[in-house]
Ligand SMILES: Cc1cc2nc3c(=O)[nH]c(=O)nc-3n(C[C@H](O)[C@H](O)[C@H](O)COP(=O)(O)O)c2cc1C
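Take a look at this one chain, the form predicted alone, written out in structure tokens.
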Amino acid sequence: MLDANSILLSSLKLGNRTAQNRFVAQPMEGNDAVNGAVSERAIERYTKLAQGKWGVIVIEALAVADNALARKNQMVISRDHLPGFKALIASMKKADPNVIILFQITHSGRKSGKDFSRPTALYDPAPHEHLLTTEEIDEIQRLFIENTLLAEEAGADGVDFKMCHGYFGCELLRSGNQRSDKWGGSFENRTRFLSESVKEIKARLVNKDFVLGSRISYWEGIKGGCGTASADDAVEYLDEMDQVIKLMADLGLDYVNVSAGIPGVTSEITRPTMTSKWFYLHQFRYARRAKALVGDSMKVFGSAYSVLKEDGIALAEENLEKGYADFIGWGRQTLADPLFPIRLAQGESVDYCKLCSGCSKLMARQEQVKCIIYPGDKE
């Protein structure tokens, strides 16, 4: 049971909103859309998550176009699907009016499935990948902007730009992105998508309390990836990603959600397992580094707590107390026990993630994602 005075249970401002506690449900894909539209299953599982009384819930990666899917049954944010997203928000807010709900907006880029979508590349395309033109990237930017405004219309409290884990947004930021047009080469060009988009979105939002942030991979562990010095180097060198985070603060983003690695490529950096458990220390270090850079100007979400099971609670409290992060994110744990925060607060038993990777294996097989250990209907 959490002490009633636990910092995890304390409220905190996020932009102009107030989160009821420091628990963040990280975006975890369910692969259960119906032709891109929100399904009844998705509404049911997110409503159950809202019943858990999380401070912030980040709705899984929503594709900006139906040809940019990493999952066969990924949700696509569009005006045609707006009624479903409105129903999703309404159901979640009925379960918990105080939860902050963010939509994660993405384009899957190279990670788009070649059997059901269109893999694209910003640079050095593989034989099965289409090299994006300048104009095509312009259009993707337009979709990011318009769909952020659709998220506002749907009733979401904010949007997370997915610039992590090897997807399109992440590829833009890489030192390996040496395109010769306005979308690559210099740091200014590689961050242009973010800076231009945020400025236009802020100018067009009706609700000035709308939360804006981004999830990043501080270091990907590949040559030319985020967190490296050059296109031919894989060694961790974080100076440029520091500049990305400072830019986010200067743009007035409300938070940065700190992650690392690329699932399916450098997976254990992203999601430590029992055999790679100590990678969580890198994730803690990245969050601490980001917080030291931005101070009070932007909130920092920390990651990689699921691998610690029950030990993650004390470490989360410690990191919050020391100012290494402002919010604590759980990913796989949300599948194991969507009611995690309220159970901790009320002293009830918690179903801790067993780190079996069953959920990831379901995703890799393009099946509906769930915890394979615990029943989803437990009250």
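The model shown is predicted, which means the values in this text are computed figures rather than measured ones. Throughout, we count residues from 1 along the sequence that is shown.
One more form of this protein should be noted, the form predicted together with the ligand, which is absent from this view; the next part is about it.
J.: Using the partner position in the predicted complex, report whether Gly331 sits within 4.5 Å of the ligand, counting heavy atoms only.
T.: Yes, Gly331 is a contact residue.
J.: Just to confirm, Cys164 within 4.5 Å of the ligand in the predicted complex by heavy atoms?
T.: Yes, Cys164 is a contact residue.
J.: I'd like to know if Leu69 sits close to the ligand in the predicted complex, meaning any non-hydrogen atom pair within 4.5 angstroms.
T.: Outside the cut-off, so no.
J.: Residue-level question: is Arg215 within 4.5 Å of the ligand in the predicted complex, judged on heavy atoms?
T.: Arg215: yes, in contact with the ligand in the predicted complex.
J.: Since exactly one of His282, Lys291, Arg190, Arg271 fits, which has a heavy atom within 4.5 Å of the ligand in the predicted complex?
T.: Filtering the options by heavy-atom distance leaves Arg271.
J.: With the ligand left out of view, choose which of Phe144, Phe85, Tyr286, Tyr305 has a non-hydrogen atom within 4.5 angstroms of it in the predicted complex.
T.: Only one option qualifies, and that one is Tyr305.
J.: Pick from 315 to 323, 36 to 44, 344 to 352, 22 to 30: which stretch has non-hydrogen atoms within 4.5 Å of the ligand in the predicted complex?
T.: Selected range: 22 to 30.
J.: Candidate spot Glu60, Ser259 and Val369, all three in 4.5 Å heavy atom range of the ligand in the predicted complex?
T.: Contact check passed for all of Glu60, Ser259 and Val369.
J.: Can you tell me which bits of 74 to 107 touch the ligand in the predicted complex, meaning any heavy atom within 4.5 Å?
T.: If the 4.5 Å heavy-atom criterion is applied to the ligand in the predicted complex, 74 to 107 yields only Gln104.
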